[in-house]
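Take a look at this one chain, the form predicted on its own, written out in structure tokens.
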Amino acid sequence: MERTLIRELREKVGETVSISGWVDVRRDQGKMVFFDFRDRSGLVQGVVLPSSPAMEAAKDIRNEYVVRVEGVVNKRPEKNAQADRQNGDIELEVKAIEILNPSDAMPFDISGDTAGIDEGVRAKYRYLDLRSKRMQKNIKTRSEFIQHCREYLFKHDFTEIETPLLTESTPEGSRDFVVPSRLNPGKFYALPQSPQQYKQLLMTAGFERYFQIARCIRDEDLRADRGFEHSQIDVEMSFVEMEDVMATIEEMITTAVEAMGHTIKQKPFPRISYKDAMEKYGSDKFDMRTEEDKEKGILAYAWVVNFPFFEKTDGGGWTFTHNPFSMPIPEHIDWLMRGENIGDILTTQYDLVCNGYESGGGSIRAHKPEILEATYKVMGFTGEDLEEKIGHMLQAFKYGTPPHGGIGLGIERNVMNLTDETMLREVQAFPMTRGGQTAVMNAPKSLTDKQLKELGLKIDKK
């Protein structure tokens, strides 16, 4: 018999059906055994009557067993109906149960909110943690958000293009994770902190409107809203200015979150300069909601603009505040080219903030080699350094690279706002722990002597 999803049962009253899923709850009342069965689409109550041929099997079944169930969909008597519950007006009269796979006793209770369970235990048994109602909702919300954004971008003539995961170590703001090369002993790849350079090269390639759901990997200090790995909706556009990119992203976000039933506090999104944000909120990642807004789950988006391009290093030099590939605002390009008024140069950076989190960041990019060279020279790079670090970009920009700009929108931080979560790991399927340990699998761990020899590596015991 063909499988029926639980959400479809209300349309099949009086029919014999087959469902497959998990035992959510078992209640043995002696003469009758009641179950709540669960699949990806929801819950339904099943009852095994004393005369049912399924009674013998029902006595052996426990919570989280995987089963196939055949039965008749019946209307519940009106006095037993539960209007506030999915399928509360029907139940499945069980005729047969097949145990597809039993389950050991669960290491922790997944019937409620698992947020209070020890982090290490949740990570070890993450595949069980993900069965809980809250985690199922969070991961499905993540998928729905990405789907709406992807559909918007396709509708507006963007092309989805993947960029490499094995790339070159370049200065982009955080430490790289590096990968040794077996074929080139003593040399290393780097995992991408972002697709920044590749997406700019795609603009040189003439694609004009690019996006991807990109994995970004950064060896940085772990926080509640930051991990070694995250995903972003990465977007780049040619022949645009700041207003064009911001308008496109604002429309995409509005379309996506309103389609998911959320309310936005203010449209169009307010804009505030970095200077004013620091003076008013003490941070460029601020929360504009009232307590009433928070109770209602309202989303308060805003753009932060007019960031300083450079900031002083501890050694007294200069480094970039956001992205070295950014363009200064038009009226400050001459300052950059002459190396003057460095601390006053503003960049065409724009950050999207929501409910106290930075939800995305982007800029109009430098598309001429002399502008990118000037930026790196401010930071103390010599001609030889430039060639080693970004020579490929300088070369590409000599072949008719169009003006372009874009943004990276952190998927986890956006989904945190949509689910009212405060930790990155609550919206990732298999997150790392605060100590940098992988979920389920045991990494990082040592390599075998054979692996080290193949890679030409030796471990310094110090």
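The first residue of the shown sequence is 1; numbering continues from there. All values reported here derive from a predicted model rather than from experimental measurement.
One more form of this protein, predicted in complex with aspartic acid, exists but is not displayed; see below.
Which of these residues, Asn87, Thr204, Ser363, Thr248, gets a heavy atom within 4.5 Å of aspartic acid in the predicted bound form?
For this set of options, the contacting one is Ser363.
Within 4.5 Å, heavy atoms only, which of Lys265, Lys124, Arg218, Arg142 is in contact with aspartic acid in the predicted bound form?
If I apply the 4.5 Å criterion carefully, the residue I get is Arg218.
Would you classify Gly408 as touching aspartic acid in the predicted bound form, given a 4.5 Å non-hydrogen atom cut-off?
Yes.
Even though aspartic acid is not shown here, does Gln196 get within 4.5 Å of it in the predicted bound form, heavy atoms only?
Output for Gln196 is yes: heavy atoms within 4.5 Å of aspartic acid.
Would you please decide whether Thr163 lies within 4.5 angstroms of aspartic acid in the predicted bound form, comparing each non-hydrogen atom pair?
No, Thr163 stays farther than 4.5 Å from aspartic acid in the predicted bound form.
Residue-level question: is Gln232 within 4.5 Å of aspartic acid in the predicted bound form, judged on heavy atoms?
Because a heavy atom of Gln232 falls inside 4.5 Å of aspartic acid in the predicted bound form, the answer is yes.
Using a 4.5 Å heavy atom cut-off, which of 76 to 84, 249 to 257, 332 to 340, 188 to 196 contacts aspartic acid in the predicted bound form?
In the other structure, the partner sits against 188 to 196.
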